[in-house]
Ligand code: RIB
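Okay, so here's just one chain, in structure tokens, the form predicted on its own.
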Amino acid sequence: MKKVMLDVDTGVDDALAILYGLESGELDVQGITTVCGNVPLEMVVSNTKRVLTHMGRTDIPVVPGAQRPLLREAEHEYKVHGADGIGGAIPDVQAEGVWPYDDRFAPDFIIEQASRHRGELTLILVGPLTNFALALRREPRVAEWLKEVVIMGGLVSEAGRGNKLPNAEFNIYADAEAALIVFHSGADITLVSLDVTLQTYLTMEHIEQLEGTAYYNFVRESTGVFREFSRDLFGTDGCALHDPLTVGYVLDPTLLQTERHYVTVETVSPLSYGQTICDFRGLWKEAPNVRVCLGVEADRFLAHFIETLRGKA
């Protein structure tokens, strides 16, 4: 099994990524860290614990992290994820009292686990990159201690098709200064961007394949607001599986076509704040620092995602 840590801002697709990763049976999850993003941190922590409680996986540590971006004010995405962050699903599931009080801080926990499992641990970041940036500031060697870092974020080849600004994706936009630190940390980074995640739409046809399983109601209800958002913005009746595809890459890297290039992040321009700029032609003569994704076997991934969740009868 692959040793991993998840850093989340739960979030509908974060919740689906947690279900997918844990039910795959292929990931040894050392813990889940939480960050301000789709919703405020307190709600992220609660949602993460409620999802794990729903799964019967209260054995996994959930460690709170950054309450805000490094420099700017937080922005949230209720219109995508609903008022509670997970589309109003599992309203009767409560997590209070299930986990003991934990005063650890996510960046410190990332450093601790990376040091303990040197060369073995994959860090999966599916929210803003604030926690990992803070960890790197405190202990730069964490970049070399990790086996790899897999990030859901950015837009590299489909300019103008962002989901926050025309050229910016939400996770990077939410804390571009943190992303800049992470991209230039020397870690082995794979960026699973909108270029590929927007090709992985979970439709009602897919969801109906889960009928009779433990997760059918949760998936149908949690994705309702997200699917409506997609209909309005993209004209597509479904929701992109951004974060689950990122976990899917860790489970099976052959799902994605990748190339290594030099990537940096715009942090100044109000027109393109948070843009991930990929130097495909090597004009800057900089060494490649990020593995970018240029193609995806979407049907194969979606089939595996559904098959994995169907396994929980």
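For clarity, every value in this text was computed on a predicted model and none was experimentally measured. Start at 1 and count along the sequence shown; that's the residue number.
Another form exists, predicted together with the named molecule; not displayed. Remarks below refer to it.
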Under a 4.5 Å heavy atom criterion, is Met152 part of the interface with the named molecule in the predicted complex?
yes
Answer with yes or no whether Asn171 is in contact with the named molecule in the predicted complex, where contact means some heavy atom within 4.5 Å.
yes
Hey, in the predicted complex, does Ala114 get a heavy atom within 4.5 angstroms of the named molecule?
no
Just checking whether Asp175 would be counted as a contact of the named molecule in the predicted complex - the rule being heavy atoms within 4.5 angstroms.
no
Residue within 4.5 Å of the named molecule in the predicted complex by heavy atom, from Asn38, Thr48, Thr33, Gln275, is Asn38
Only hit among Ile110, Val126, Leu146, Ile86 for heavy atom within 4.5 Å of the named molecule in the predicted complex is Val126
Heavy atoms, 4.5 Å, the named molecule in the predicted complex: which of 175-183, 210-218, 238-246, 138-146 makes the cut? Say which one.
238-246
Mind listing which residues of 55-81 have a heavy atom within 4.5 Å of the named molecule in the predicted complex?
His81
